[in-house]
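So this first bit is one chain, no partners, the form predicted on its own, shown in structure tokens.
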Amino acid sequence: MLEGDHGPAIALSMRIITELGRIRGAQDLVDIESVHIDGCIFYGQAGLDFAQRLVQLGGQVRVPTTVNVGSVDLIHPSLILQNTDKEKWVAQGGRELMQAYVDLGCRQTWTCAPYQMDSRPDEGSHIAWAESNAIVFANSVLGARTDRYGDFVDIAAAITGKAPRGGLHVNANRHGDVVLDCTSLSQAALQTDVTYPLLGYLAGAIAGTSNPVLVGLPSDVSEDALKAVGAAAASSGGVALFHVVGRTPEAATLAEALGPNVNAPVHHITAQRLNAARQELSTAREERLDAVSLGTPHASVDEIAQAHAATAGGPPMAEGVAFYISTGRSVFAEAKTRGHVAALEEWGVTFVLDTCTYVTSILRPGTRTVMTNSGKWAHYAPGNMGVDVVLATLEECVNSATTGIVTWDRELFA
């Protein structure tokens, strides 16, 4: 491959993979079973040039490859604002970049949650997934093995079918390093949706790039809750793997999760810490609500069903409030079949596909205060979109949308 016997696109891609392996100290490569591409978001000309160069060289993926959100909703292109030269440039570049990855043979999934699709990697399988929440979910909840892969490396892995045997592909690097003891949290707190992005936010802040172990969560905690933990932990820190004792595949017991790290430090997570974290993430100071954004990472069918249940039979949305749910194409199709989409759209929800409200220009001009139930959205949107946020429960988001006034319990956790 390096010598060009399989073509120039593979030679270029293998140079990237082997150089990464050298940097990481890997002794050999692993065969990977799937790839998830993050490099399809348009951040500038360099990313587009790189993808188009691979197309020109005849590149094609060798393993099943999904793609992350892009910079454009290809199904609803009118959602993308193009009022300024920069917005027009991003929209045009975004479409061209998305097309380049289609030309390379990627499946048109356009979702940051490939684990919600019809096929998922098996426990113990080696994969090369990019996009931080996808990485942490695959490692933690599915028990698959991927290191932290990013733009350019992801497509190089897809074209070669190889990745360096290092990082979280290796058993020794998958043990827990720090314990978050949640046993003092009440049953009410453990049944509250916003608890889980807050736990993730604290886990990332505490663990950094190490592997946190959470103790005291319910053994049947949902995948959506675990998704929220991982996404927030990968945003506030660099977490790529966490364990939940009694729930995730490599953590039947605390001893199994920690392995040789028996003296790992313990941090006690209390109701007060959850309240403090929520206030830290909630930057809004105005009472008027401009928008609600759900679905970062992309909303699941269950989450869309919960939004439907929360709005059904209740008061209408207040005038002047926009309500967005970002989700993937396959989930949207299933939710539509179940009747959730039509009901929510009638209530006033705008569904965003192929992209997300915090990565491209969708929020209406003048939007200042947004409520969300996503720790990841709350962490990134102030910097990305120039808005203020309140991290809230789904119920608080819906209730506030009906009044147009930001309403949330600052001492939710007693």
Partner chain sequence: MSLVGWRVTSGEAQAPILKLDEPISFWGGIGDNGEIIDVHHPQHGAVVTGRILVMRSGRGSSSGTYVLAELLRLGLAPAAIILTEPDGIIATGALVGAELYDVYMPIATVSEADYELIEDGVEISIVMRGDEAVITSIA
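Numbering follows the first chain given and starts at 1. What you see is a predicted model, and the numbers here were worked out from it, not measured in a lab.
Same protein, other form: the form predicted in complex with its partner chain, not shown, and the subject of what follows.
- Within 4.5 Å of its partner chain in the predicted complex, a heavy atom is found for all three of Leu20, Tyr43 and Ala46.
- Contact with its partner chain, judged by heavy atoms within 4.5 Å in the predicted complex, is confined among 263-271, 220-228, 147-155, 198-206 to 147-155.
- The contact with its partner chain in the predicted complex, taken as any heavy atom within 4.5 Å, belongs to Leu97 out of Leu180, Leu281, Ile80, Leu97.
- Screening Val406, Val398, Leu12, Ala392 for any heavy atom within 4.5 Å of its partner chain in the predicted complex leaves a single hit, Leu12.
- Residue contact check for Arg368: none of its heavy atoms lie within 4.5 Å of its partner chain in the predicted complex.
- Within 4.5 Å of some heavy atom of its partner chain in the predicted complex lies at least one heavy atom of Gly39.
- In the predicted complex, its partner chain sits within 4.5 Å of a heavy atom belonging to Arg53.
- Taking its partner chain as positioned in the predicted complex, none of the residues of 180-205 brings a heavy atom within 4.5 Å of it.
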